[in-house]
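Next comes just one chain, in structure tokens: the form predicted alone.
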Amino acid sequence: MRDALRAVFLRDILQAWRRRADWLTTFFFFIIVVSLFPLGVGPEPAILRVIAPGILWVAALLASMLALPRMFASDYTDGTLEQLTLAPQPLSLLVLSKIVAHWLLTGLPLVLMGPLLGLQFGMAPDMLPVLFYSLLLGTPCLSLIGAIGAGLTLGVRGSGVVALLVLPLYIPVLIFGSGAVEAVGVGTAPGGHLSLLGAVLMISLVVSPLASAAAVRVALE
């Protein structure tokens, strides 16, 4: 089991390295979208501090959706998914290994870059750690939930279909993630929002691999 999960994970990492431009697009999209808002809204520090949590989280959500169609697409095209369904290991765990690789490639860079981009909005120092932890809890949820939509739309033309499916499911993550940072800005504790975000992550860890595996099987039939 361990060898199979490692092989699937390393294969996805190696493929991403060979197609670096595809995954770097997500990272630079996040930076560009966040950086454009101060130019459009204006340099007023008070306004930027208020809108910063929502902007950073919406940009992270959109950047995550940008990479969703690539989660299973290449494996679907070359027949790798069919081989995974025939493997003796549970398909849900193999899919989970692919989701982890996807998050490391798309979500983790957003987590690390988020607090740095928050500085250009003049965010208070005590808000930056909360932003980091909210992204650390929230971006895996985006990958887990997005995997369900990516599996359901395998073989469907047009990447916008994935966004239509997963965007309503992303709303709680967006609310709790940005709400945790906003809570610090108004002087309240962010623990409640972070706890709810952690609960969404735990539920997603249980439900998403099973639902994604079922979606992949349906797409291959």
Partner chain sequence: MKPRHKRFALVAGGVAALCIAAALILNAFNSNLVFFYSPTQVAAHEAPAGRSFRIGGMVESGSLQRQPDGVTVRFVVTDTAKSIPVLYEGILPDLFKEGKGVVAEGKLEGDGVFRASQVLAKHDENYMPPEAASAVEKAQKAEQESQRTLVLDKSAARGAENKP
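As the structure is a computational prediction, the values presented were derived from the model and not from experiment. Residue numbers count along the first chain shown, from 1.
Beyond the structure shown, there is the form predicted together with its partner chain, which is absent from this document and is the topic of what follows.
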So, Ala124 and its partner chain: in the predicted complex, are they within 4.5 Å at any heavy atom pair?
no
Just to confirm, Leu93 within 4.5 Å of its partner chain in the predicted complex by heavy atoms?
yes
Taking its partner chain in the predicted complex, which residues along 203 to 221 bring a heavy atom to within 4.5 Å of it?
Ile203, Val206
